Every structure is written in C-alpha cells, then in structure tokens.
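Encoded as structure tokens, the following chain is the form predicted alone, with no partner shown.
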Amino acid sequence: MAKSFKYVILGGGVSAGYAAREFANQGLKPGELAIISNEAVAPYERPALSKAYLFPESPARLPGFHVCVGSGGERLLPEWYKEKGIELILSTEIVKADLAAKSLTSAGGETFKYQTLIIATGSTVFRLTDFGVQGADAKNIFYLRDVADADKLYEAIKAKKNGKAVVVGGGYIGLELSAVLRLNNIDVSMVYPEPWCMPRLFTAGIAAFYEGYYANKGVKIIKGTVAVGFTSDSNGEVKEVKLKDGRVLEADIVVVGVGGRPLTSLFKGQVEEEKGGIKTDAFFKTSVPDVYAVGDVATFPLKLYGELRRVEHVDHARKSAEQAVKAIKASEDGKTVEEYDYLPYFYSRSFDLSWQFYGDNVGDTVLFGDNNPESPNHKFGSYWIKDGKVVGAFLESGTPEENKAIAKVARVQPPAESLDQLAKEGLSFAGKI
C-alpha cells in the first residue's frame, strides 16, 4: 500500500527541519506533511558535529541541538512533529524517485506518493576508498557527516587517549576537527595538498594567521602533499599514513575531510541540472512542476551577482528551505513572494577563534588589523575589491555589531577609493557604511 501525502520533504537534515517549521507557521493540517530521512533521528543542526559534539568537557548531545536552535529558534524535538501532525519517516532510504508519477520507493519496497516534493537530500562526503587509496578501508579512518559518524569518532578519541591523529584535508572539517582533537589532548598532524588552508575562501594572508595559531596550539601542518596509502595493525586498525612526498606518519586515528558532492543521483535525467546541482528559480522550483530543491543540492540565481550558484552552507540550507515553503504556500493561495536575495555567508569557530565572511571572494584583497598569531588580542580582516567596489568582507574575532557592519559592506558594495586607504581604515571603513 502506498502512503500518500500532500507534501513530502526528502532528506532529514537542516533544510528539512526549517522547512517543517515554516510549513507549521504557514498553517498545516495533520497528515499533510512527511519527512523521509535515512537518518535515525529528527533533523538537527549539523555544524554541532564538528565542534561541540566532540568537546572533552560537557559535549553537546541530542536532543540539545535539534533544529531550530542554531538560529536562535525553538528546538523542534520529535514530539513537536507529532503535535503538528507531521510524519517523521526515519531510517528509510529512498532508492527510486519517479518525478513524473510523483512517487518515491524505499529500499524496503514501500511507496510514498506526494503532490509537492521538496528535495533536501544534502551532500555526501568523498571517501578515500572512492579514489582507490591503498588501505583506506582500515578501521579508525573516520568521516564526519552525521551523528552516527560523530559517535564513532568520539568513541575512538576516548579509546586512544593521548594518541596520534592525522587529519587529511585543510578545509572546514580539517580545521575544526584538528582544533577539537587538540582539545582532547590528541597529537595532531594536518595534511593537505594546497599551499595554504581553506584555499577556496582564505587568502594567503588570512591563512598565515590560522596556520601560525594552530602551530602554536601544537597542530603540525604538512602542506603540498596528500595521503596515498595506509597501513594497519593485526586488528585492522590504522597505524600509519603514507604521504606522496615519501613521509610516513604514525596514526591511531585518521579523520578525512576532502569535500563532498550533492546527492542528486536519484533525479538524474528527470530534472534540469547545472553546476553540479539541481537547477532552480528564485523560489527553488525545479524544471519539474511541483518539485522544489533546497540547500546543498540547489543551483539557484544569486541575485546580488546575477549568476547561478550552488552554496554548501548551513545558513543557505535554512533560508532556502523557508523560501521554498513560503513560495509553495503563496502559489496555492494565488499570491507571490519576493525573490530569494541571498548574501553568501560563511563562519567557523575553533579554539577561541571565530570568523565570519560575507559576500564574494573575488578581485583584489586588502588585509587589515592585527593578524599576528602570537598577539594576545588579534583582530583582523580582509576586504575583496572588484571593479572599484568592495564585494566581500572577512573578520576574525568581531563583535556582533562589527560582524553586522561587514555584512552591510558586502550587501551594499560601496566604492573603494584606494586599496592603501582601505587597508589603513580597516574596520572603521565598515562602520561608516
């Protein structure tokens, strides 16, 4: 027997939770909405996994970080969905989607019918086994995408007290997990092929601060090479990481963060795609009637820059979900909503550091402030200038007011007279906008 719903959200991550809340806000009858997720728990704030979940002291645990606490909203516990008459269909993998027939089929052979579908399948991580790296199937090689992954890593950290970890990758996951492993008194080496960390966002000047700061905290940074193989002991646990440059690192734990890809394979050939994601309009409608795509999987018009983009970040996961639901409900009522006008926003927290970035990281850059990793009161930032306008802004250790000011700069895109002047003015430039 097929189960039928007016609305189905496929995926149980951040977007699903925020979409459910918006549906409830807009008025929802019991039994109209189902969330189908292959995870075993109700939607939660994923960023907690690489930060607070692994803290040695009072680590975060569910139900503490269910959505929507990440944006200061009410926490949606499993009971909340029940109260609203929303069906949470958990631990359920969908293996076939027939968009023409408005039908989804699970691995267990169940069929789910819908009138309107929101695709919120998110991303999956790249695994070293995907690239055929020798020995990459050893025990204690970890990836971090969901609570189950975090639980396994947490247990390993406890089991390998004062042990050695190798972190493969110098992006978000690499930086956040290297920090949290050090807090757990694990000896950490971080390996990545690029000339500096977070190369997709950081300039050399920004990265120099974080690399220096991490080195002072005892993180060994090894750049310009990659892991090409692993050896394991008689228990099948990893014990060494072989690098391309010939070095061999001892390891009790390996954590891999080398990027991911959006989960769109269920819809291949059924829906228009672009830039690796599912193409949508400014309301997250796809090329198929009554099908919407949000979060990591959506390639949408970024109005501010007049181009199509795909954005992998929790802020967009939340906001795109809310926009899609508003658009769905408005179209039912014969009304319209405003186009999505997103300002790209990224942030991270590690050790006692906290940075925020707004806008676009293209063009010339100007570094300002105190970016000496030894400094007791480091505060620094960067502006990106394109065609004579400031289009992006980054700030480490900003106050809430200062972070608001740099967001405004990125949104308004004020003219920059001279780069030297901008470097001199630094944060005070943002304060005047």
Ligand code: NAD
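The first residue of the shown sequence is 1; numbering continues from there. Keep in mind the model is a prediction, meaning the values are calculated, not measured.
There is another form of this protein, the form predicted together with the ligand, and it is not shown here; the text below is about that form.
Undergrad: Using 4.5 Å between non-hydrogen atoms, is Y305 touching the ligand in the predicted complex?
TA: Residue-level check for Y305: no, no contact with the ligand.
Undergrad: Against the ligand in the predicted complex, would Y192 count as a contact residue? Criterion: heavy atoms within 4.5 Å.
TA: Yes, contact at 4.5 Å.
Undergrad: Within 4.5 Å, heavy atoms only: does P301 come near the ligand in the predicted complex?
TA: Because no heavy atom of P301 falls inside 4.5 Å of the ligand in the predicted complex, the answer is no.
Undergrad: Since only the chain is shown here, I'm wondering whether K113 would be in contact with the ligand in the predicted complex (any heavy atom pair within 4.5 Å).
TA: Taking the distances in the predicted complex, the answer for K113 is no, it never comes within 4.5 Å of the ligand.
Undergrad: Taking the partner as it appears in the predicted complex, which of 323-331, 156-164, 210-218, 306-314 has residues with heavy atoms within 4.5 Å of the ligand?
TA: Partner-contacting stretch among the options: 306-314.
Undergrad: Among F142, Y340, W80, Y172, which has at least one heavy atom within 4.5 Å of the ligand in the predicted complex?
TA: Selected residue: Y172.
Undergrad: So the ligand isn't shown here. In the predicted complex, which residue out of E176, D360, D252, E273 has a non-hydrogen atom within 4.5 Å of it?
TA: Filtering the options by heavy-atom distance leaves E176.
Undergrad: Hey, which residues along 325-349 are within 4.5 angstroms of the ligand in the predicted complex, non-hydrogen atoms only?
TA: In sequence order, Y347, S348 come within 4.5 Å of the partner.
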